[in-house]
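Just the one chain here, laid out as structure tokens, in the form predicted alone.
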């Protein structure tokens, strides 16, 4: 008489001559807690308990059970439980697949979306407010500062700041009722600007914690944008420097491949101070050097190497100097 003990994702089973003689089905919590151990062929408590009651039984741990044993699980109740267990395990694995670099990507993308919203709303605000005070609108470039100031000061005060009397303004006279929706729009823009500042601070903090080397070489926002384009830190670490150099210039690259237009020399890296300040004749070379150091930094961060961000930055600055 042959006794065998076998565990799978739904429970631990005792087989007697190829037929189930006893079983211990897992609860939902046990499916999660035992899954990895069963998968790796490690001992679990239900096996130990069943073995103590059936001394000498063979434990089929890490082995493929015989055909007659596997055939027992074709019954409807086992198939139903296996389906339920698969869903439970999949949900857990999805939850565990979320890493902190994914949070940086979401925050970085949200900053970009917030910038677009601010720009669109600010354009509407300026057009609207210029009916009331056109001269001041043209005197200030920053959208956020513009929205903030018009909420704090009257038209007369703003015109005095630019040396113009209120009577000489081309703007129409607005009632308090007409001004109210304009000011509410300005308040909304200020609120979005505050949100952007908060999320920028969050990205800077997490980048410093999770990708210290990339943060040192590229800066928090550029590093986060490169990470978002790559899709994950693992992918960014696997990219060669030439790919890092062109992240963000995909449309121009595909246009070059399709039509033979001039190939792009840089993507998001153009915003890096060492690239943007370089002479146009050597800007492509500067982008290549920056991309090379960022690629090295990403590999160090992904494989949890020591911090070399300052050294990489100094080497880069020395080369470009």
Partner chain sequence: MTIQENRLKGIFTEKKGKKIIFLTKNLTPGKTVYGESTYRAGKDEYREWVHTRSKLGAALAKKVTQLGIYPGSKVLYLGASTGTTASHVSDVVGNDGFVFALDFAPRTTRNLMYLCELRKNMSPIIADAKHPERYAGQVTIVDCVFQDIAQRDQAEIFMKNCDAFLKKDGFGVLAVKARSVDVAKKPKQVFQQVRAYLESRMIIVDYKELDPFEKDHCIFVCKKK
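As the structure is a computational prediction, the values presented were derived from the model and not from experiment. Numbering follows the first chain given and starts at 1. Heads up, when I say rigid core I mean the largest set of C-alphas that superpose within 1.5 Å between the two forms.
Just so it is clear, the following notes concern the form predicted in complex with its partner chain, a form of the same protein that is not shown.
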Its partner chain contact at residue 48 in the predicted bound form, heavy atom, 4.5 Å: no
Its partner chain contact at residue 8 in the predicted bound form, heavy atom, 4.5 Å: yes
Touches its partner chain in the predicted bound form: residue 62 (any heavy atom, 4.5 Å): yes
is_contact(residue 73, its partner chain) in the predicted bound form, heavy atom dist at most 4.5 Å: yes
Contacting member of 262, 53, 279, 258, with respect to its partner chain in the predicted bound form [4.5 Å, heavy atom]: 258
Single option in 109, 86, 119, 151 placed near its partner chain in the predicted bound form, where near means a heavy atom within 4.5 Å: 86
Candidate spot 240, 251 and 270, all three touching its partner chain in the predicted bound form (heavy atom, 4.5 Å): no
Among 111 to 119, 73 to 81, 124 to 132, 169 to 177, the region lying within 4.5 Å of its partner chain in the predicted bound form by heavy atom distance: 73 to 81
Any residue of 10 to 43 that, in the predicted bound form, places a heavy atom within 4.5 Å of its partner chain: 35, 39
CA of residue 68, rigid core aligned, shift of 2 Å or more between this form and the one not shown: yes
Core-superposed C-alpha of residue 312 shifting 2 Å or more between this form and the one not shown: no
